[in-house]
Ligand code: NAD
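Given next, in structure tokens, is a single chain: the form predicted alone.
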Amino acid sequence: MKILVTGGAGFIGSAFVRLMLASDPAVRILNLDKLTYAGNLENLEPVASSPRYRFISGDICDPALVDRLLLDEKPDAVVHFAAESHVDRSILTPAPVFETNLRGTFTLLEAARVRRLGRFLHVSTDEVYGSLEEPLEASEDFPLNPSSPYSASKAGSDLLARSYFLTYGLPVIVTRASNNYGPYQFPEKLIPLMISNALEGGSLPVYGDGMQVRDWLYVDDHCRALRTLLEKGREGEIYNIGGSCSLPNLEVVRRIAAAAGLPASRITHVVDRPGHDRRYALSSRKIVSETGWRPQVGFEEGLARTIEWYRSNPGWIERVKSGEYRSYYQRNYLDRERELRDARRA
């Protein structure tokens, strides 16, 4: 099988590339990535010299490039990861998420339709369901209720992908996963941010009261689910992929602080972000019953693996936490921390 992976230099995309090349000697991977701030070819060093892997620098919003790739390479499937994927950044600057997540997805779908692609796996998020009160869990037919520019753009791209199945018969499968974590994750998301700060002896900034609940899924388990759906998933269907591990953000941060030997006093609270969803929860019963997939890595084991990887790769952290990242961190955390202190004094 030849697979075109979009966004394969990002966190989840690179994990999928590494997994597929390691697990199946017949697989060939084409990796199309624009290499924005979160795309990092260092994530692919373990496979960079493989004759079954090829990197193409380019933008999924470029219709000529995408069409030429599908025409010349004739991949058996597209696995579409490429996205502006961070809620905080979508709040600060909303335009890029709609350009990439909607226009980019449309460009890929249209080329896939014209070139009669064999399978299109559209990778999405549980955030499209919005915040759910306990004990609700979102099944695949649950109403969409996005609350940030990022989740709205992903909900729109999900609907667009499904429309290409319903209208044109394009063999689309949509997946919606819970919060991923693991090695190589850019340190703007909660777990890598807290680990990298903890290893540097810095503060651990938590939004609001920290009681926002998320379900945690180890990245390799997610990638195994995607591999399973490439083989066994039903065309036109949506599949939730969860880790069956729901925890408040504050509890996750406390565990990271303890593992790094930091006192709880290093945890600081900053002004909450606008529209911050309180609880995500989804049901993975469909993928489990149809394919037999289940998560293999529990949260305690996965977190230990992740902390050890960051501890062993300080150079990687230093290189990605430079320049633009410093400016983003100042604006998104340090300024919010100062705002909260000023509000308390007033």
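Numbers for residues come from their place in the sequence shown, where the first is 1. This is a predicted model, so every value here is computed, not measured.
The form predicted in complex with this ligand is left out here; the points below concern that form.
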Sole residue of Ala225, Ala112, Val172, Ala177 within 4.5 Å of this ligand in the predicted complex, by heavy atom: Ala177
Go through Val123, Val78, Ile195, Ala161 and name the one with a heavy atom inside 4.5 Å of this ligand in the predicted complex. Val123
Answer range among 227-235, 68-76, 123-131, 136-144 for contact with this ligand, defined in the predicted complex as heavy atoms within 4.5 Å: 123-131
Is there a heavy atom of Thr36 no more than 4.5 Å from a heavy atom of this ligand in the predicted complex? yes
Given that this ligand is not shown alongside this chain, does Lys189 nevertheless sit within 4.5 Å of it in the predicted complex, heavy atom to heavy atom? yes
4.5 Å heavy atom contact, Ala9 and this ligand in the predicted complex: yes
I'd like to know if Asn240 sits close to this ligand in the predicted complex, meaning any non-hydrogen atom pair within 4.5 angstroms. no
Could you pull out the residues of 70-108 that have any heavy atom within 4.5 Å of this ligand in the predicted complex? Phe81, Ala82, Ala83, Glu84, Ser85, Thr100
